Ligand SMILES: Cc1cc2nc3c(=O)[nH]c(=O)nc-3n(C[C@H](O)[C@H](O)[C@H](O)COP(=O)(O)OP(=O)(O)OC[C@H]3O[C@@H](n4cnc5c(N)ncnc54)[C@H](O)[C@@H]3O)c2cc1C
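Shown next as structure tokens: one chain only, the form predicted on its own.
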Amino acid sequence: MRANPTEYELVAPGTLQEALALHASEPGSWLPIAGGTDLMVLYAAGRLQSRKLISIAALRELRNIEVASAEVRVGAGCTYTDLRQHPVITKEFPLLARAAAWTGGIANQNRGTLGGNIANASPAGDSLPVLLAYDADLILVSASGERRIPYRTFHTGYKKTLLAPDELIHSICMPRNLSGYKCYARKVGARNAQAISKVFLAAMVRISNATIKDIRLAAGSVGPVPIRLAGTERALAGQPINDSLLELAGKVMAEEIQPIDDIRSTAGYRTVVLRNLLGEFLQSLPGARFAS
């Protein structure tokens, strides 16, 4: 059944304050829509339950990328194209630029926003494991003020978040302390482009003398929320890069994830593929010593 447009109300406030005031007047009643790349799919199929939509696509306050000495702050309304084309993002946060390039086609990248990907709360969102690996924070705003939270705490369950009914995501903050890290990201889907992830791994590591000094691992599509593999990180930190490391990494990682069988893949497949991606990353590290 297709949607009937006469059943929906859409407003487009001219400023962020107007949008927040409307949100505060009826908390939970107005559904924000930015690029619409997810919501319009539901609308076209007649499955969009919210009947009151508030367009935030044109709000300039959400489209800035601010570069400071300690961090970069990306407005939630920035599109994937904005991310791919920004010189600081591509140089210092290449995993985010890469994930932006993997998200849909060019039309979707021109419309889809980073904040929308976060708020949609899909465990298959391409940018989400990358933000976990970068230790990002979120700034959430309402008519009564703002609060800053670690992104890793934002997703509380499948399609559930800490966002209050009267709040919007304002910006995403990423620290600029990543020199010396080797980065890796790999998306596995039904095809190379315009496909939802079956498995996604984002990884960063700092090594010295063939030993892991610090490692960050985050995965998508292997649980109800994007996950930072903290247990695997703890197990690998301080370890030499050799064959025993691969076995340890695969074992601990498999205990952390909660993949499911669904229309796109199976739990067993996801576990094996994520183990293989982690092994590929570790074997690519400088100074790694593995048996041939």
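Each residue number is its position in the shown sequence, starting from 1. Please read all numbers here as calculations on a predicted model, not as lab measurements.
Keep in mind that the form predicted in complex with this ligand is not shown, yet the notes after this line are about it.
Peer 1: Identify, from the list V188, C183, L178, L163, the residue with a heavy atom within 4.5 Å of this ligand in the predicted bound form.
Peer 2: Answer to the contact question: L163.
Peer 1: Please tell me which of I227, L236, I33, I241 lies within 4.5 Å of this ligand in the predicted bound form, judged by heavy atoms.
Peer 2: Going through each option in turn, the one that passes is I33.
Peer 1: With the partner left out of view, is L39 within 4.5 angstroms of this ligand in the predicted bound form by any non-hydrogen atom?
Peer 2: Yes, contact at 4.5 Å.
Peer 1: How about V205 - does it come within 4.5 Å of this ligand in the predicted bound form, if we only consider non-hydrogen atoms?
Peer 2: Because no heavy atom of V205 falls inside 4.5 Å of this ligand in the predicted bound form, the answer is no.
Peer 1: Is there a heavy atom of G115 no more than 4.5 Å from a heavy atom of this ligand in the predicted bound form?
Peer 2: Because a heavy atom of G115 falls inside 4.5 Å of this ligand in the predicted bound form, the answer is yes.
Peer 1: With a cut-off of 4.5 Å between heavy atoms, is I56 one of the residues that contacts this ligand in the predicted bound form?
Peer 2: Yes, I56 sits close enough to this ligand in the predicted bound form that at least one of its heavy atoms falls within 4.5 Å.
Peer 1: Establish, in the predicted bound form, whether Y80, N108 and I169 all lie within 4.5 Å of this ligand, using non-hydrogen atoms for the distance.
Peer 2: Contact check passed for all of Y80, N108 and I169.
Peer 1: Choose from 144-152, 83-91, 216-224, 119-127 the stretch whose residues reach within 4.5 Å of this ligand in the predicted bound form, heavy atoms counted.
Peer 2: Result for this chain: 119-127.
Peer 1: Is any part of 73-106 within 4.5 angstroms of this ligand in the predicted bound form by a non-hydrogen atom, and which residues would that be?
Peer 2: Residues within 4.5 Å: A76, Y80, W102, T103, G104.
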